[in-house]
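Form predicted on its own, single chain, as structure tokens, below.
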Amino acid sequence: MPSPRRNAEGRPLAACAPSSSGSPAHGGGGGRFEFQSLLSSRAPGADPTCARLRASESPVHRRGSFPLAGAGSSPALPSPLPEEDRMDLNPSFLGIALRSLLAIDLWLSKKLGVCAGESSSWGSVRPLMKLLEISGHGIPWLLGTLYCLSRSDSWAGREVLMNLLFSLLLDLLLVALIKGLVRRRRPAHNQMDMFFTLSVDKYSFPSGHATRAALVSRFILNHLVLAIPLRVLVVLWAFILGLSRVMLGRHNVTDVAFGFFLGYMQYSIVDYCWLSPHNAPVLFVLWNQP
């Protein structure tokens, strides 16, 4: 290792031995001396040993901010994050639209849930809403259809009631299938005090009451001769029943909207597969016994 250069008096040069006393013999002050030391380290022919010593004495280097000059070792690059921990900086337009729709749906459903509890703003109307809930339940409709079918004494009435029973069973099957596939939970502000529930009734999408209301109202309007006021009442019953599902906190708005659409389309399936004594004679013979 080369020894540091010395002046004529045998003392080390100022570049190699900086003094903190700030005496005039060493340049007239600590700040001026450090400036001259930096200049001497950058000058051509400066001693590399002194430069390495100054670098090692630097407080920045002691903190490990940068490696030692000339050490030849490069810092290890950080390992890339796993795929699930990375932030998606370029989401698709469809994903943004679906998230926005979901946020609006949850916000609007919570705002409309005015009868979700006794302490809600419209909590006094909750018993009336629950009676309306029973009017759209599947079990009263199934039992009522079976009773009317057993008491019917005409082929025309028996044919209409048979198809109504078929449409109600189809509605229960399709709603249970979709609920089991989607598995959307009911709103957080809902109280599980419904009239009668099955295993899939803990899920929310779609609303079975809304599908049944749309299906039954369209069925009645197409196969029963009713006066205009009664037809208006049927439509109002279906609409208020769907709205009550959101007010009670049972469903979100999209659950009811899709339920109306599904019930409307279910009647098209029933109308296409209409049961009659010609294509299903066995079913009608069972109800033709005295």
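Computed from a predicted model, the values in this text were never measured in an experiment. Just count from 1 along the sequence shown to find any residue number.
One more form of this protein exists, namely the form predicted in complex with a small molecule; it is left out here, but the text below deals with it.
Among I139, A188, L181, L101, the residue placing a heavy atom within 4.5 Å of the small molecule in the predicted bound form is I139.
Note on the partner interface in the predicted bound form: the residue among L131, L198, L177, L143 having a heavy atom within 4.5 angstroms of the small molecule is L198. At the 4.5 Å threshold, heavy atoms of L170 stay clear of the small molecule in the predicted bound form, well away from it. When the small molecule is considered in the predicted bound form, R218 lies well away from it, no heavy atom lying within 4.5 Å. The small molecule in the predicted bound form comes within 4.5 Å of a heavy atom belonging to M194. Taking the partner from elsewhere, P206 is found to have a heavy atom lying within 4.5 Å of the small molecule in the predicted bound form. Only one segment in the set 155 to 163, 118 to 126, 104 to 112, 209 to 217 has any non-hydrogen atom within 4.5 angstroms of the small molecule in the predicted bound form, and it is 209 to 217.
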